[in-house]
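As structure tokens, one chain now follows by itself in the form predicted alone.
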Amino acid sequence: MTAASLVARCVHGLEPTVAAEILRRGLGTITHIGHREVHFRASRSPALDVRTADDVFLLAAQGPDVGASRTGAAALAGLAGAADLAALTRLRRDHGGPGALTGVEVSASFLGRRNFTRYDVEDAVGHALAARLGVGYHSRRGGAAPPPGHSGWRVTLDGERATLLLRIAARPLHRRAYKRRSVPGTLHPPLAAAMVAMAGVEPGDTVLDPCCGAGTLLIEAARQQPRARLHGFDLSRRAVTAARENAAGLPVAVARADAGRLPVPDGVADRVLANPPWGGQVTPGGLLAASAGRWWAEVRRVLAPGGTAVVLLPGVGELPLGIRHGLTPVHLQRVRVAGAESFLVRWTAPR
């Protein structure tokens, strides 16, 4: 089989994490790292299951960025003409995707100001692809979801290159099958997978999530390290119900508890994974409503000597509070979540 050129799309800030996962798991050789994407040559098939990526695409065609002029969007139809559709169909099937290109839907994004919209790009490329394939095209301009079975294409403009991509799977990889129930503030699964990888969960580790929500962090931990002991707590009954349903069949235990007073002994956790309720989408409740310091004190209490916590912070202003409670930040990684700047921070407890 000819090695395919693949592109993993991801949350901005996770590009090095995605590249590291691809290399660690022997999925391919990295050829380029750009804004929200990692290009690689697949070393085996299929190369779909990149847990920290939002999606994985086949590289269909590339050309120069068309610039900002209004006529640039129409010129991008040339990408559709340059794509080898027969080879793409075969490669998509080889990598575990559907066997035929039925219907077309296109999503576009670009860096910088342009005198055209994403819909102008999508329609120009989508109509050209549909004409070549002899199938229907669904425009996103009206806001309606594409019909089931349409092949997913993506166009990106980064200031230097225009790139056309073909989604391998039938739906985006970040839409995990286990996500049957959700709650406000639920964590983006690839971001959760990145936090698990940052924590370095090992076989036999006891892992706690004090504010587990719908269980995403613990489920991603179970996927990466099924031999860990995984425990989640949440004050919300709705969240506990959602987490239990999503984690059904996995070695994940979930109970209702206040994150400011967890029902576990001191020093029990080798790893803590958490996206606490900082007051954005979810308002802190229970003991956390009175003091954010209570949360940090409880994390410090439950962590074993030398243990690791990986926490998603809405800003660096929380760092001094964690430090005052005896934790040491050893790694900080800036990411953009739903357009907002956030930080992944790995902490260690003293030995």
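Just so we're clear, the structure is a prediction, and the values are computed from it rather than from any experiment. Start at 1 with the first residue shown and count on from there.
Another form exists, predicted in complex with a small molecule; not displayed. Remarks below refer to it.
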| property | result |
| --- | --- |
| The small molecule in the predicted complex reached by all of G67, G112 and A162, non-hydrogen atom within 4.5 Å | no |
| Non-hydrogen atom contact G213 with the small molecule in the predicted complex at 4.5 angstroms | yes |
| Partner contact for L313 in the predicted complex: the small molecule, 4.5 angstroms, heavy atom | no |
| Exercise: G63 in contact with the small molecule in the predicted complex, heavy atom 4.5 Å | no |
| Any non-hydrogen atom of G72 within 4.5 angstroms of the small molecule in the predicted complex | no |
| The small molecule: the contacting residue among V125, V104, L230, L217 in the predicted complex [heavy atom, 4.5 Å] | L217 |
| One residue of Q224, S139, T89, S236 in contact with the small molecule, assessed in the predicted complex (non-hydrogen atom, 4.5 angstroms) | S236 |
| Among 151-159, 205-213, 74-82, 129-137, the region lying within 4.5 Å of the small molecule in the predicted complex by heavy atom distance | 205-213 |
